[in-house]
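Just one chain follows, in the form predicted alone, and it is written as structure tokens.
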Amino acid sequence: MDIWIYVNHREDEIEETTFGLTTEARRLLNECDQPGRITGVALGPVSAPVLESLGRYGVERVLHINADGMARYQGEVYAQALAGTVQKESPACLLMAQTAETEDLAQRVAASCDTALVTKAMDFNLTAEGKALAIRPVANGYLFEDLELDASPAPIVLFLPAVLLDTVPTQETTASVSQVPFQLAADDLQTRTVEVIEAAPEDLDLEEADIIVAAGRGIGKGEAFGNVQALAKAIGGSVGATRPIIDWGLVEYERQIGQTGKYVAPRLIINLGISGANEYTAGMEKAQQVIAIDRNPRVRMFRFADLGVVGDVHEILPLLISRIEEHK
């Protein structure tokens, strides 16, 4: 049995969610009680030593596909490369961590391979009878549904990042890295990249942002929310929000964090006027550093904070922005 995991990487570093996928892959092999291996598949430019390091997490081999036109993600190109490799090698399943990029890629590959696709998976299992079982949330996370699907051809499973465990290396081995040849059929492409426009930090997709300034109901509307945007701009962060802010129309839905929004893992997240309900914290618990500001010292958000500031956010933000601008 060959369990495949999709290697998320950025700037020649493997993202933490990929290591979490290795835990899921090992679990599947143990539960099936069959001899097998874990294979990583990486698309685009990433160095061999970085890929070899996956061996410390139990990955036996890595298939690396890189060709002209793959310097940046392009759905058609990446899907051609991945679908062709999946069809050729026929793994037991392909596991991915759900991001904006993998959501697009997985749909394309599943359609090309005529196979099942499970999104927002919280659990996934393979049975000896050739079935696959998955659990995912519905109804804004208040209910869960059980899915049963055929395990052939190889199903594609997108795991919610929040359910992927923090994984530490357990071995001192390296994975073997194989370069998979890929010839881009440019004439078959329906789209092409004309120009790449870099987003300003405050407009960056939340899943790509290193710094996030998140606003909750306690911020309110009007000038107060303008201070949130000003803080994000001052520190090079991206603006996120809880459901009430989205419902008020202050920011677009794509900036919602939580079970019904985005799952984020920034280096720093600053939570402003957010009580810390489970629906929200499930979406940001992978953040490396958490700052929370709220006037109520008993809000749940402080349980997750590395630094908690008790005070009126409407008084604190203008002073904080002013001090940052002075230092800049």
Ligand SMILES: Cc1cc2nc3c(=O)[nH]c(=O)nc-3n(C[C@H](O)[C@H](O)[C@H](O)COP(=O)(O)OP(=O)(O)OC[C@H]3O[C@@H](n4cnc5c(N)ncnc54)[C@H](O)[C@@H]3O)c2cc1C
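Heads up: residue numbers just count along the shown sequence, starting at 1. This one's a predicted model, so the numbers in the text were calculated from it and none came from an experiment.
The following text describes the form predicted together with the ligand, which does not appear among the structures shown.
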Inset, instruction - Consider the chain as shown here, without its partner, and state which of 46, 287, 299, 28 has a heavy atom within 4.5 Å of the ligand in the model of the complex. - result: 299
Inset, instruction - Answer with one of 108, 233, 217, 120: the residue that has a non-hydrogen atom within 4.5 Å of the ligand in the model of the complex. - result: 217
Inset, instruction - Verify the flagged residues 243, 256 and 295 against the ligand in the model of the complex: is each one within 4.5 Å by a non-hydrogen atom? - result: yes
Legend entry - the ligand contact in the model of the complex: residue 313, any heavy atom under 4.5 Å: yes
Inset, instruction - Using the partner position in the model of the complex, report whether residue 276 sits within 4.5 Å of the ligand, counting heavy atoms only. - result: yes
Legend entry - 4.5 Å heavy atom contact, residue 261 and the ligand in the model of the complex: yes
Inset, instruction - Verify the contact flag for residue 141: yes if a non-hydrogen atom of it lies within 4.5 Å of a non-hydrogen atom of the ligand in the model of the complex, no if not. - result: yes
Legend entry - One stretch from 287-295, 66-74, 53-61, 33-41 that, in the model of the complex, holds residues within 4.5 Å of the ligand by heavy atom: 287-295
Legend entry - Residues in 85-122 close to the ligand in the model of the complex, defined by a heavy atom within 4.5 Å, in order: none
